[in-house]
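As structure tokens, one chain now follows by itself in the form predicted on its own.
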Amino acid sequence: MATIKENRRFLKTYFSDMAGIKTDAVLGLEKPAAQKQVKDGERLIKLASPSKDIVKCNDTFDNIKSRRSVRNYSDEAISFEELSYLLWASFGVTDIDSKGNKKRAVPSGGACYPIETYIIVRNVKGLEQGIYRYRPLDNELAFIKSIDKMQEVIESFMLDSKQPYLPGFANGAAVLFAWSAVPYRGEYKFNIMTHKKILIDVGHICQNLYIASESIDAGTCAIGIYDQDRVDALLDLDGEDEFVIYLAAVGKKK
């Protein structure tokens, strides 16, 4: 078990620890893929192109000023276009440069992008309840599996007894975002110095989701309390080379 002192050191940056380490990038090994490959049986769903038309508030100042963690949601569904926008705004491709490099809505240390976005859909127009993986480089979803008894599934990993404000609030969300880390994408370039960067990266993503949700009159609440093993198993992650590091609930405001 790590001590508080050890965890505080983790929050610092000591690149001197890299002395003598040759990263896989330096060794010329093959660079890991920027997003997961489509598995057999996964159905691809093309997302809507991002559009300003669904944005209710274009004022950045007002969206930042109004941003709050929202835990009470209405029964209104999120539209497919709104979900497409939230995925794009939080982690999507915003431009392609002259060399063909795809630019994202968020920064990443060393442009490693070691995060995958999964969504647990409960109430999105045009999508059945289930689990999907976002493929940002292609602006599409990979449908992984449907879910019966959605409330029971969410309760199985939410640890509601430990939620400090409103236990059970995630059950009312239209969609849950689940961000996983694929550490080797960063370790390839930064070895032992990548893991702090991964947590910084997912913070950028979640904050973009907050601001984008505010712009369409939806609410977001980040979630850091959950059952690690159960949510990893639900998303079919091995818990070692890929595992969940952050969640967020999204729904229309009451």
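A residue's number is simply how far along the shown sequence it sits, counting from 1. It should be emphasised that the depicted structure is a prediction, and the values quoted were computed from it without experimental measurement.
Keep in mind that the form predicted in complex with a small molecule is not shown, yet the notes after this line are about it.
Student: Of these, Lys36, Arg67, His204, His195, which has a heavy atom no more than 4.5 Å from the small molecule in the predicted complex?
Tutor: After the contact test, the surviving option is Arg67.
Student: Find the only residue in Ser79, Gln163, Asn139, Ser156 having a heavy atom within 4.5 Å of the small molecule in the predicted complex.
Tutor: Looking at Ser79, Gln163, Asn139, Ser156 one by one, just Gln163 meets the 4.5 Å heavy-atom criterion.
Student: For the interface check, one of 55-63, 39-47, 220-228, 183-191 should have non-hydrogen atoms within 4.5 Å of the small molecule in the predicted complex; which one?
Tutor: Result for this chain: 220-228.
Student: Can we say Arg71, Tyr210 and Tyr246 each have a non-hydrogen atom within 4.5 Å of the small molecule in the predicted complex?
Tutor: Spot residues vs the small molecule: full contact, yes.
Student: In the predicted complex, is there a heavy atom of the small molecule that lies within 4.5 Å of any heavy atom of Phe169, even though the partner is absent here?
Tutor: It does: once the small molecule is placed as it appears in the predicted complex, Phe169 has a heavy atom within 4.5 Å of it.
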